[in-house]
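For reference, the chain that follows is the form predicted alone, supplied as structure tokens.
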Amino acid sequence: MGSVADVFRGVRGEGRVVLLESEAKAVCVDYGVSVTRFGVAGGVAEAVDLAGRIGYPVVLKVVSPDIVHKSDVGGVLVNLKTPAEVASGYVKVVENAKKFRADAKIVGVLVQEMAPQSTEVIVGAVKDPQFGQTVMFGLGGIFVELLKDVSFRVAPLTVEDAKEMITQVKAYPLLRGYRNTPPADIDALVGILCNVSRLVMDYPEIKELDLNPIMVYEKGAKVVDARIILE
């Protein structure tokens, strides 16, 4: 548990409560939650090198404690397929971030694999004043706001709790396989729910956690975006 505690200590040491996406993903990895391959580049050459090692296509996201909604400010570029696109993309996302906020601290640029499109789900957690750590599951991406088709359980979760959460959402038939959509790996989702439950129980200072979207495949699932907020 040392590395997660170290991450949280570092975040607080900088006077922050919101983790950078790279920090949130590192925490996920430490708790056995599969994420898209990623690295943080401090310059153009490093970004190109990282992209080559991760494998094309890739996504670029500006990393800054001062910019929460990266997409809104042009801080995200997707489906980059060549070293030249990554090089110019690096410059572009940093420039866009600076245009939005000239004094923004730029840590670097997150280079991550472009996860193949699939069914999107969300796993979240929130610290409720009455019930303590509560875990959420539902359809991810834009559907969270649109359908509000989610289920909740108070942590800690058992495997049975996690399975019930998944089967309770109205969209469950979609996860079982629908028309041209292959069935989702339910065991992988159960694993993510249980690991998130373990994480928020081990670290009660986590106020909010949001893994959205998670791409779920016939075999396995990968977190594309991760957000963690401390008390």
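Keep in mind that this is a model prediction, so the values were computed, not measured. Quick note: we count residues from 1 along the sequence shown, nothing fancier.
Beyond the structure shown, there is the form predicted in complex with a small molecule, which is absent from this document and is the topic of what follows.
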>> Can you tell me if S71 lies within 4.5 angstroms of the small molecule in the model of the complex, counting non-hydrogen atoms only?
In response: yes
> Given that the partner is absent here, does E21 sit within 4.5 Å of the small molecule in the model of the complex, heavy atoms only?
Replying inline: yes
> Could you tell me if Q112 has a non-hydrogen atom within 4.5 Å of the small molecule in the model of the complex?
Replying inline: yes
> Should S64 be classed as touching the small molecule in the model of the complex when contacts are defined as heavy atoms within 4.5 Å?
Replying inline: no
> Using a 4.5 Å cut on heavy atoms, which of E95, D149, E120, D161 is close to the small molecule in the model of the complex?
Replying inline: E120
> Which residue, V40, I206, V59, M165, has a heavy atom that falls within 4.5 Å of the small molecule in the model of the complex?
Replying inline: V59
> So which stretch, 130-138, 152-160, 112-120, 98-106, is the one near the small molecule in the model of the complex (non-hydrogen atoms, 4.5 Å)?
Replying inline: 112-120
